[in-house]
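Shown next as structure tokens: one chain only, the form predicted on its own.
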């Protein structure tokens, strides 16, 4: 019988890893220990969300609550040459590699950092740039009251910190590779990431999350982003975890006037994955674009949840998520756009489309608009359907085998959102991922 996710289950989770919390507290600055303690108490009070929580009613966490993980699980040995195969084909330039949430300096490389750019692990930044970390922690939207943000705060030990001085521009993309590698006991890790960009700064961050093991593990990641006036961040993420993994990721971004946040998420792995993004458009003419492509099969749950808050006038947001589901997989899209009373001339567009390859697959879409201004242009929508029989018949009548015809139609369906990724080398990687997924079992 499944264990219900409750506040008491949250307390039991904290007690299970009490030794890890004590080790984190040893030698920590008072402000850091206070922050971690506050996170632990918040999670103790909230516990794991259940399907009775509106934001989680399509995403049950039973398997996660029941899981027996280890914060100190040693990584299983893996062939280091495989790292090149899961990145984007370039020689290592600016790349940090984390295994089970901890930086592996021997696998990382920082060769092409432009002037005015710092890239550190969270643990390094706590030692060398504590004021930067203290000022940035906990300021992103979406963190307050979020159970997994609180859990992350209680156990955060590593992650990455990217700091861009005003006007700094990264000539080469910055790659972050996350590797899950369990051995005797499945690992759990809670990375905390910070991106602080000064006025006019530009950067591209590519994250790749993979599992180089067979079995379960749990990743609870929080990323906080603060963009100054006119700053631009392109943030691309490929989530291709082990099929038994739990991947929960929360991103909160604050944008000053004229700033631009461009996010793309490709989700294909994990027993359960949830990518949740909160964006506050705080300055005039700030804009964001959130795009995603997701693939699910078997009994996977793939959840994309977004919240965009138009705080100031003349801000704009565009969202497009497209997914393909097979077997008994469930896709979840929850998107809310809020327009504040002063945010006149807002433009907010949102769309989720799903392609169902099985009569057992399902998509739960919940788009929302909350508008408190008069002069706005906002829309939202959601569609779900099957492969077009006419198009499939046309391709087969031209001598194309059924499996190949289905692959071509799936790729054509996803092309619109894949085309939004304007990064050399990444499109080919995504196309290969889609082709590999199509060749796998339902």
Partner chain sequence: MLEIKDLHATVDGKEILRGLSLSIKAGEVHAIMGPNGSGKSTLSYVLAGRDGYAVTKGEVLYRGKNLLAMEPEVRAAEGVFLAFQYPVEIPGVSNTTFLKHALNAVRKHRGESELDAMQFVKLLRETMKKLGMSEEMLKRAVNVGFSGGEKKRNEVLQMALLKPAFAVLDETDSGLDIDALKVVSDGVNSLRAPDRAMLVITHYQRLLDYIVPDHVHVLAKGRIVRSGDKSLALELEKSGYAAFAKEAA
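None of the values given here were measured: they were computed from a predicted structure. Residue numbers count along the first chain shown, from 1.
There is another form of the same protein, the form predicted in complex with its partner chain; it is not shown, and what comes next is about it.
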{"query": "Sole residue of 380, 57, 37, 407 within 4.5 Å of its partner chain in the predicted complex, by heavy atom", "finding": "407"}
{"query": "Selected contact from 70, 50, 28, 391, since only one has a non-hydrogen atom within 4.5 angstroms of its partner chain in the predicted complex", "finding": "391"}
{"query": "4.5 Å heavy atom contact, residue 395 to its partner chain in the predicted complex", "finding": "yes"}
{"query": "Exercise: residue 374 in contact with its partner chain in the predicted complex, heavy atom 4.5 Å", "finding": "no"}
{"query": "Contact of residue 385 with its partner chain in the predicted complex (heavy atom, 4.5 Å)", "finding": "no"}
{"query": "4.5 Å heavy atom contact, residue 66 to its partner chain in the predicted complex", "finding": "no"}
{"query": "Its partner chain in the predicted complex: contacting segment from 57-65, 28-36, 42-50, 399-407, heavy atom within 4.5 Å", "finding": "399-407"}
